[in-house]
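Just one chain is shown here, as structure tokens, and it is the form predicted on its own.
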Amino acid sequence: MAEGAQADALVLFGASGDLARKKVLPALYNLVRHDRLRVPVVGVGRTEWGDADLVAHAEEGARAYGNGFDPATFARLARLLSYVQGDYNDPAVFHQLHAKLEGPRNPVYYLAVPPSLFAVVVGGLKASGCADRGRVVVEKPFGRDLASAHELNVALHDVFAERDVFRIDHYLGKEAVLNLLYVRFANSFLEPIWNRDHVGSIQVTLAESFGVEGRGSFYEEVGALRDVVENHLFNVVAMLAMEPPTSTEHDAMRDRIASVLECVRPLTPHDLVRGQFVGYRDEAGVAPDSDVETYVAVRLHIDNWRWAGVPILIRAGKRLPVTATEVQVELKPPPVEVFGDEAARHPNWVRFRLSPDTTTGIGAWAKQPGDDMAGRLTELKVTANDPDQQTAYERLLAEALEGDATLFAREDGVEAAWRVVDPILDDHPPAIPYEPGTWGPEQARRLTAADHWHDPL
């Protein structure tokens, strides 16, 4: 499909699945509500359904996960929906799809299916002629390591040009993450201090108070490092650390993301602490001797002019005290202690809260009232939360239909991220047990320069 061309149909593979019900179909409902979806939506799945079953599935998802349910709005979505049933290995399925798409000439194919089926589906699209002038949207994980990510990219490129491959990482579509990017580059007061001369460290924490929620078998295959660090949190770090984009063109930001990820030093076991909450091995689908990490902390180093020597710390874990995602950029203390050493012990910071709310805060010292020149630490903060704001999937689906790839992962960025973690996927220390409701293994503190993590509240 021509770059930036508006799609005239959406084909959803895996339409009968959980991802479609919880994320994709509610996003489509919201797009209809905002008058941003008018093209046919064809669901494809192995479940023996007809059109009415897909409509019922979509209604269930819209009621549970949409931003409010309006029957008239849903009726508009229902009129766009149809269903094709069959096995993805059966060429007849793709011939039936080709016949259904006889009118539309610029379709988008959304693969809400396991990565093991990506090559099967795109191969069927190619053989049937459906891939002509189309683009494909694929879900993470983009491989399990560098080799498999490369193999997956080769399989996709056998059918689609890179400009027509849209890799969804929903973190790139989150309002709070885009707020981080906007604050970074829209405010001139940050740029002079956003470098190794003034930043002491950067910490990124993704904490979840819940466990694997019945998904033990899935978690055994991925673990915390593959599930959220190598993709979601690496992209957050890239947005924090990248150079300013040269323009607003689709690839300008992706060039910068790939460039900074290519400067991240590959991890060693010394830069890693793995943990597993006590009780994880009792979960259904989990091996009794499992060494899969439910907590991981890593220390990154970016070997470029701006960030050399600045430790960048990432941690993510389940069964931690809170559910929150937060970035803390800690600044270096003033060069001279004029009013004592309090400011040296607790320097200024810039804080980005990414969930469950969107907050930007700046930590600063101010004088306490009274005769003494004594200070108190305060935070200047702005919180922006709109209950009707776009969901990440709503934003990303709309941009995929419009042909805007800015917020989608690109091949070089994906493979650069895998190059960082590849050395420690198998060569790593064992997972250390930690009690649910704590901040993970105490050993993770050794990764920080001051033996201290910033804990979101």
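So that there is no doubt, residue numbering starts at 1 and follows the sequence shown. Small disclaimer: the values here were computed from a predicted structure and weren't measured.
The same protein has a further form, the form predicted together with ligand BG6, not shown here; the description that follows concerns it.
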Just to confirm the contact call: exactly one of 250 to 258, 209 to 217, 269 to 277, 126 to 134 touches ligand BG6 in the model of the complex at a 4.5 Å heavy atom cutoff, so which is it?
209 to 217
Check whether Tyr171 has any heavy atom within 4.5 Å of a heavy atom of ligand BG6 in the model of the complex, and answer yes or no.
yes
Looking at the partner-bound form in the model of the complex, is Ile302 within 4.5 Å of ligand BG6 by any heavy atom?
no
I'd like to check something about Glu326: if you look in the model of the complex, is any of its heavy atoms closer than or equal to 4.5 Å to a heavy atom of ligand BG6?
no
Check Arg319 for me: does it contact ligand BG6 in the model of the complex (non-hydrogen atoms, 4.5 angstroms)?
no
In the model of the complex, the residue from Asp164, Glu330, Glu283, Asp227 with a non-hydrogen atom within 4.5 Å of ligand BG6 is Asp227
Can you name the residues of 231 to 252 that have a non-hydrogen atom within 4.5 angstroms of ligand BG6 in the model of the complex?
His232
